[in-house]
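As structure tokens, one chain now follows by itself in the form predicted alone.
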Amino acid sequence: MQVTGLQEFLERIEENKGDAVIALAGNPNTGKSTVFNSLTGLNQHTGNWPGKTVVFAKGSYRYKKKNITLVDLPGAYSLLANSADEQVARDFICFGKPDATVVVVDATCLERNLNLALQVMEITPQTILCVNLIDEAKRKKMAIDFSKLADLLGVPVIPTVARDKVGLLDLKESIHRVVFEKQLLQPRRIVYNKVIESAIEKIQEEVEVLVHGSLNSRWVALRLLDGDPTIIREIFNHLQRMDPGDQQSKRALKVVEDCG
């Protein structure tokens, strides 16, 4: 089987991943890299994603006797990848199986930034929302009910001012609870119109026998409906890495191939 850039990257992470791997995602200009730098300090390095001119950063920090590896993904507006940066971010969140994903959003433009957060929540319940730049929001007379936002989204919401290290201890604690204390999260589910929901249900029946919890079958069904060849190719690669020996698995793989 041909080794993909994602596989090579995951092998690098696996070499020294500590007790947990956390993905750090967000739109450009949300202060995501400041969050990363403030959490990891000097314990970090950068590199290129294998086969792409896309830079990522990996760092680590220690909290409550746990060593945490933090992967600062390229800035992305969407997981419906329109650029190499967005494709890399999408592939790691979707197929890299991080123990949790922290989505950094700008408190002054939540509506725009929450698009990415909702997409991540479609993939994994292990999502934490870091609402950064709350000082800027206050200066603009913007008030955010963080508790209500957490209730609406069904995931932890942590307000921060990363450049001043405000809220970062709360963020570390939230990561610890989600990953090590197995805090139960119930991310808000997006419900589409009846036609789309019917199509999702039919496709799920075809792929669920194969993914066995390794991927969210509803999310896979949505991506197959999108018809994006880059994500379909990565789904196919992921399924091939699993055991495709029985007839049900081969049938599900055929569905992915046909959509590609």
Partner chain sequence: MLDQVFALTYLPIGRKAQVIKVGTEGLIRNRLLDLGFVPSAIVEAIRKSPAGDPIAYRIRGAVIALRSEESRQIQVRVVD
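Remember, predicted model here, so these are calculated numbers, not experimental data. Residue numbers count along the first chain shown, from 1.
In what follows, reference is made to the form predicted in complex with its partner chain, a form of this protein that is not presented.
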Looking in the predicted bound form, any heavy atom of C109 within 4.5 Å of its partner chain? yes
Is E86 part of the interface with its partner chain in the predicted bound form - any heavy atom within 4.5 Å? yes
Is Q186 one of the residues lying within 4.5 Å of its partner chain in the predicted bound form, judged by heavy atom distances? no
Heavy atom to heavy atom, is L80 within 4.5 Å of its partner chain in the predicted bound form? yes
